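This document starts with one chain, in the form predicted on its own, laid out as C-alpha cells.
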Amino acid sequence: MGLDDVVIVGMAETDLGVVTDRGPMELGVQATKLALDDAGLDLRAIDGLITCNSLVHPVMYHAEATAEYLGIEPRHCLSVGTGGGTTFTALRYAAAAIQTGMAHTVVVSMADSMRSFMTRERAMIVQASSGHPLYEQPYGPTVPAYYALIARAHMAEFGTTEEQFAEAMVSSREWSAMNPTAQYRERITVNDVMTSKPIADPLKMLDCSIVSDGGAAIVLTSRERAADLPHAPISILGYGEGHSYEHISQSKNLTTSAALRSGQLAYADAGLTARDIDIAQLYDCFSPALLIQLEDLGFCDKGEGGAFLQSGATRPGGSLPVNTHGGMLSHCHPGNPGAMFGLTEAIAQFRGLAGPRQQQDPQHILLHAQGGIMSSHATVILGRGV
C-alpha cells in the first residue's frame, strides 16, 4: 500500500478561542467524536488513536488516557511530541500504521487550553524551559526572544524591514476577517503592528501568535474503506521531515531552516514543485517564522520573503493564498495543536466549504509545521482524492 492509498475521510474542530467550560482532555474527546460523526463512523470503527500531550494538563500516557475516556480499546495508541510540528508527524505515523496493517482506521486528535487553563506562572515555566539549560536558560530569554534573534539575523543579512515582518499579521487578518470561527477578525494595518506593544526587539505584540483554547481531529483510513463513506477522500501525496538542531544556540544558520529539507522531500514524494501548490498553510507562530518558511519551501527566493509578503501575494486575491483560515496569528493557537487548524482548513477548502475565503477548485495544498525554535520541521502535500 502506497502513501496515497491512505486518505483523510473526516475532520472536526471544537469551539475555539476562549473555552472555559472544557479542559484539554474534554476538548480532545469532543473533537474525536465530532470527526467520527463527520466521517460517518462510530467509536467502534477506531482501531488506532494518535494524540499530543497537553502543556496545560500533561498526563503520562496521553493517547491511552484519551482512549480510556472514550471507552475504547484501540489496537494502536501513540502520543507524539514534536512541538508545533506534531500535527504532521502524527499524520504520517497514522498513515504508516494503516500502510503496515497496525490499524485500519486512525484518529489523530489534539487539543489544549492555553488561554483559559494555563496560569501565568506555568506559562513562564514553559516559555523559559525551552532554552538550553547551560547555554540559554541562564540568560533568561523566552520564546519570543529566540524568534527575535531570527528576525534580526534576517534583517542583517538581507535588509528585511520591520514593516515587512508586519505584513504577516496584516495578511492573516485579511483572511480571518472572512472566517466566523477566528478568534480575531478585525482588519489591521502595518502601522497597527508597528505601534503595538514591544515584546522582544524587533518583534511587537502583533508579530506574535495569539493564545487560544481549542481542539481538532481528523480520521484516516484506506482508500478502499473510504469508498463507502460520505466524503470524497483526500490523498496524502507527499511528506518530508527536516531536523537541524534542538536549541537555537546550536543553529548553524538562523536564516535558513530545515523546512528547506522537509519541503524538498515532500515535493519529490509528490512529484510536484512549489509552482504546483494552490494554497499553503504554514506555521505562523511569529512573523519571521512565516517569512523564512515562504523562502525555504520555494515560494520565493532566499532573502525575498519580506518583499513577497509586502507584495500582497499571500492575501486574498494574491498569487499564493497563505493560511486562508487566519493562521496562528489571527485564527487560533492553542499550543502544540496549532497546525491542526491549517489541516482542517485545507480539508474545508477541498470540500468547498470555506465560504467567502474559498479558493477555486484547489488541487494541491501544502501544509508545514515546525516545533521548537525553527528546529523540527514537517511538510505535507495533500491532493484531491481520485
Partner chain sequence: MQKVLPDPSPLARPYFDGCREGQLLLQSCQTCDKPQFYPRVVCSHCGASTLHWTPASGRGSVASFTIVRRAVSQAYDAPYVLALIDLAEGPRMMSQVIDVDIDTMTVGIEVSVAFEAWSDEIDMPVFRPV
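Positions refer to the first chain, counted from 1. Computed from a predicted structure; not experimentally measured.
Keep in mind that the form predicted together with the partner chain is not shown, yet the notes after this line are about it.
This chain is displayed without the partner chain, yet in the predicted complex the stretch 117-125 from 94-102, 185-193, 117-125, 206-214 comes within 4.5 Å of it by heavy atoms. In the predicted complex, every residue of the candidate spot (Tyr135, Pro141 and Lys197) has a heavy atom lying within 4.5 Å of the partner chain. Within 4.5 Å of some heavy atom of the partner chain in the predicted complex lies at least one heavy atom of Ile248. When the partner chain is considered in the predicted complex, His243 lies well away from it, no heavy atom lying within 4.5 Å. The partner chain is not shown here, but in the predicted complex it comes within 4.5 Å of a heavy atom of Leu254. Although the partner is absent from this view, Ala232 stays clear of the partner chain in the predicted complex, with no non-hydrogen atom inside 4.5 angstroms. Shown without its partner, this chain lists Ala148, Cys77, Ala274, Ile72 as candidates; in the predicted complex, only Ala148 has a non-hydrogen atom within 4.5 angstroms of the partner chain.
Exactly one listed residue, out of Cys300, Ala307, Ala153, Met178, brings a non-hydrogen atom to within 4.5 Å of the partner chain in the predicted complex: Ala153.
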